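In structure tokens, the next block holds one chain alone, the form predicted alone.
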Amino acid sequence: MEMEEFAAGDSWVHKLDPRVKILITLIFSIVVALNNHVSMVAISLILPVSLIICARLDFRPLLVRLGIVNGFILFLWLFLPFTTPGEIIYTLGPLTVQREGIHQALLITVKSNSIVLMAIAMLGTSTIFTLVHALSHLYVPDKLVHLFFFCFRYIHVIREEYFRLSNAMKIRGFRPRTNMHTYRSYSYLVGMLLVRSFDRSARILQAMKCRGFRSRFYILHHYEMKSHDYAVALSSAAFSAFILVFI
């Protein structure tokens, strides 16, 4: 799955200052996460959905991402309604469905979708390198910025390394089954992946030091806030404050 699929575009959402995007997403996510009213959390969906429409994002990959998120949430619907103590609204054989369990599952579902949509609308419409640059401007510790940057930069490399090792196993006749040989083979695969990743990281560090790296990326370009950045920031802050009142 392409991680910067939504970054290509020329809408006003794409052109927002990345510092504003990060702050808006952070504040909105905290407010939504702290709210326990299903109706207000549902209202919070208005902002990210509006931004996604304004950004003119492709809905097919957007639905794919939401499907992945809701696939994990589905497990909560299989357990919370039956295990959360509360008012019984339905009996299904030996199982009882509690109103509070349904409320909690619904609340988590709406919260998760609202926060994910906001992250896609704001952070997904910027490149990773732009976001890393913005984090430096927001005085995030350099070590965290470097960690975020290198995780993105080399996750694709580790993925390719995994496929190379996996293909090598298949060429040698490996067929996964539910036996100890399969479990042992996969443990060797993970171990080799870790060893090769460690060796690669050591080589990369040496190459960077040879090029003068001193644990710091120097910023040559500086962002400048514009009128529409202030307008969007104030509007989003007002909307978040409205949601915050009902926590």
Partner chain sequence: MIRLRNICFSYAGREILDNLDMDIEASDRIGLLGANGCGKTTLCHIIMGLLTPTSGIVEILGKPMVSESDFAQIRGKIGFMFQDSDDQLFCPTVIEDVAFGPLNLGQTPEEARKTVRRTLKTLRLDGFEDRITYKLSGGEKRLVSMATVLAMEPEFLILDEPTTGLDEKTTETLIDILKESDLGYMIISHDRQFVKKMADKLLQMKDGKVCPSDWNNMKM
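Residue numbers count along the first chain shown, from 1. Here the structure is a predicted model, which is why all the values come from computation and not from measurement. C-alpha atoms forming the largest set that superposes within 1.5 Å between two forms make up the rigid core.
Note that the form predicted in complex with its partner chain isn't included here; everything after this is about it.
- Against its partner chain in the model of the complex, the set M208, F217 and H221 is in full contact: each member has a heavy atom within 4.5 Å.
- Using a 4.5 Å cutoff between non-hydrogen atoms, R153 counts as a contact of its partner chain in the model of the complex.
- The closest non-hydrogen atom of R203 lies within 4.5 Å of its partner chain in the model of the complex.
- In the model of the complex, its partner chain stays beyond 4.5 Å of every heavy atom belonging to F59.
- When its partner chain is considered in the model of the complex, E87 lies well away from it, no heavy atom lying within 4.5 Å.
- Contacts to its partner chain in the model of the complex (heavy atom within 4.5 Å) from stretch 113 to 148: F129, H133.
- Comparing the forms between this form and the one not shown on their rigid core, the Cα displacement of R56 stays under 2 Å.
- K143: CA moves less than 2 Å between this form and the one not shown after rigid-core fitting.
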